[in-house]
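Heads up, the chain below is alone and in the form predicted alone; it's given as structure tokens.
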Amino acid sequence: MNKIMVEGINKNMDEIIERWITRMKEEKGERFFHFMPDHLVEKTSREFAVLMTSNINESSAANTERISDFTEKVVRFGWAIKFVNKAIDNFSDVVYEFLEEKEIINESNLRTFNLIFRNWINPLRESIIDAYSTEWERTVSLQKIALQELSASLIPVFEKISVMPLVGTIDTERAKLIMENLLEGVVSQRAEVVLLDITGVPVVDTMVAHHIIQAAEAVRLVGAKCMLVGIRPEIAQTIVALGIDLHEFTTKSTLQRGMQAALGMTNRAIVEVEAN
């Protein structure tokens, strides 16, 4: 039966691909088939069709290898997992309907072909889901590592004045790392004023503000003052809307203004010197 099915698909591959492309274009929110050049759609569709049918008539060991190859190549297409699922569903539906039209599938062998389709499609779908999950976990892990590297060291700018630039999303794990770096830096650099620069933090919500307030309080407990700088207008509006109280420490809109204020706190100022 598998061989008959493969022969039926191969003999009519062009028409199957054409019907499949038509169905994919009808999918809501579909972009690839509408916005990519026709020749690229044709090339990718044919490659996908060949991959889809490559594991139907193989032994168990060869089938596993084929599925692995299929998964790797589909992930390289860059399609979203929802789109891939739709592609698999539509392709199997088109093949099934086509084989019914050609009377390759009929009442006498319906149960057998249903089993063949199940053994064909389910492993492909499970392999795709596993591959995307693995890729997602790897991406998240790399992002976490990158953010930890950006967690920022406390940078001494002037004597007694240090800056910690914060970039990216701040979660509980990252806030803990920031706190550790901040306190160790304050002590080792003997800083009296610390500027927390949140210019690179995309969103400040209640949780982020809580972490920042905790950091400022910790700095105060080790004998230094904490200043929050880089407050953009939209961040200021969010802070006000959430009712977050930041009155206990100084805030400035830019790092430049914060630095001027920090110099004043340490009895210094930037002055212009006239050239002789």
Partner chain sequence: MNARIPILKLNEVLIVSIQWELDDQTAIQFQEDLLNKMHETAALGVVIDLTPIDFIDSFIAKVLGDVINMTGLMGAKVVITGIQPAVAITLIELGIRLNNVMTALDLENGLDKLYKELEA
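Residue numbers count along the first chain shown, from 1. Nothing here was measured: the structure is a model prediction, and the numbers come from that model.
Separately, the form predicted in complex with its partner chain exists; it is not shown, and the next lines address it.
Taking non-hydrogen atoms only, E217 approaches its partner chain to within 4.5 angstroms in the model of the complex. Although the partner is absent from this view, R138 stays clear of its partner chain in the model of the complex, with no non-hydrogen atom inside 4.5 angstroms. Using a 4.5 angstroms threshold between heavy atoms, P233 stays clear of its partner chain in the model of the complex. Proximity of V222 to its partner chain in the model of the complex: non-hydrogen atoms within 4.5 Å are present. A heavy atom within 4.5 Å of its partner chain in the model of the complex is found for exactly one of E184, D130, E101, D205: E184. For the residues R76, R111, R190, K82, the 4.5 Å heavy atom test against its partner chain in the model of the complex is passed only by R190. The stretch among 195-203, 84-92, 130-138, 175-183 whose residues place heavy atoms within 4.5 Å of its partner chain in the model of the complex is 175-183.
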